[in-house]
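First, one chain by itself in structure tokens, the form predicted alone.
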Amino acid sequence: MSESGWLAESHRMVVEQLRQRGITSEAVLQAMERLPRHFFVPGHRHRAYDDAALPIDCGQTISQPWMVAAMTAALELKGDEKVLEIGTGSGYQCAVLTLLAREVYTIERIAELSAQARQRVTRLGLGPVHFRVGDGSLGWPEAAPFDAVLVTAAAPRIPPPLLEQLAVGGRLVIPVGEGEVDHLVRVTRERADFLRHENLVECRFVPLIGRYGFPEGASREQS
């Protein structure tokens, strides 16, 4: 795909899928318009800017652009945050975060995906990003606290370690659900001893596998 071609597709994605569906954060819109999304879905480049979740390697998916934008906007990043991402996947969401925050930590349980994402982010000159292969439901305790935490897979309930690693004033955005429908939840640590919970939108995500997620082998489709 030529540079002029993907830039036109990216602009169309932002205008038709994001702005028209209520994404108002100019920072998020600009970040997503400038990133070559097709770079993160090499097997589906012709559909990279479509309004749909797409398959990536290892049986995983990349979320539809609107969901990426909505989750990122819900973090309300100002540019100086240390962010933890759970579920690196293709690296696209991580790449978006690098354009909006000071530093990103990202955890992926599948080593192959983590390696691919690291290569893509490095080739694009983005960062700083710290990569880890492991159980994302445990967070990254030695790097805590985090100003923002974003989870890109659904958990049956919010993992306690992620709440513990959230800084005062920080926001955690995570899909939560065990049935046919998940709810995108935002948790804000308003004080050291007080967490505010908000349900933002219904959604459907692949399962978060781990000690505080679903068991190995759990499967569900992402919409």
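Throughout, we count residues from 1 along the sequence that is shown. Given the structure is predicted, the values throughout are model-derived calculations rather than measurements.
Same protein, other form: the form predicted together with a small molecule, not shown, and the subject of what follows.
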Interface membership of Ala148, the small molecule in the predicted complex, 4.5 Å heavy atom rule: no
4.5 angstroms heavy atom contact with the small molecule in the predicted complex for Asp135: yes
4.5 angstroms heavy atom contact with the small molecule in the predicted complex for Arg109: yes
Non-hydrogen atom contact Thr88 with the small molecule in the predicted complex at 4.5 angstroms: yes
Contacting member of Ile23, Cys203, Val206, Met13, with respect to the small molecule in the predicted complex [4.5 Å, heavy atom]: Val206
Interface residue in the predicted complex among Leu126, Ala101, Leu75, Leu113, criterion: non-hydrogen atom within 4.5 angstroms of the small molecule: Leu113
The small molecule in the predicted complex: contacting segment from 190 to 198, 56 to 64, 166 to 174, 28 to 36, heavy atom within 4.5 Å: 56 to 64
